[in-house]
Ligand code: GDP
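Here you get one chain, nothing else, as structure tokens; it is the form predicted alone.
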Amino acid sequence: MSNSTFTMIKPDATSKGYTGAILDQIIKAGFKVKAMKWTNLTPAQAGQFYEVHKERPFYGELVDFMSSGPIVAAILEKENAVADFRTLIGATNPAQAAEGTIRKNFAASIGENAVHGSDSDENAQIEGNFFFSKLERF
């Protein structure tokens, strides 16, 4: 079990001005930000990041959405980070997300669900390495 995870605040949330409130909720839940950047993915970068979903019908729409505006990428640290962060963000469908979760508070739909959270320790490492060099981690 790793003590780090990866997240992105997605274009729907950054465009609505939710970035600060989402980061505040993450920090209040006990996560420490170990790396963070504000960036805009190109379609090629979004496609590479979500390559695991390439054969799924929503892949093209996902790539378009994730390259539609700025995102905030971050590596977070906390004991049991992946599982605790998945609990904090809530279900992918905000209508099914628990009260007080990030997606319940800030997501509009399954597609525009405000945040990404790694689903495993292995993916957290892969996703963090996609965005951050060792020099950018603290």
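Since we're looking at a predicted model, the values are computed, not measured. Counting begins at 1, following the sequence as shown.
Separately, the form predicted in complex with the ligand exists; it is not shown, and the next lines address it.
Partner contact region in the predicted bound form: 107-115, out of 24-32, 38-46, 107-115, 74-82, criterion any non-hydrogen atom within 4.5 Å of the ligand. Glu61 belongs to the set of residues with a heavy atom inside 4.5 Å of the ligand in the predicted bound form. None of the heavy atoms of Lys54 is located within 4.5 Å of the ligand in the predicted bound form. Among heavy atoms of Thr92, some come within 4.5 Å of the ligand in the predicted bound form. Taking the ligand as it sits in the predicted bound form, the stretch 77-106 comes within 4.5 angstroms of it through a non-hydrogen atom at Arg86, Thr92, Arg103.
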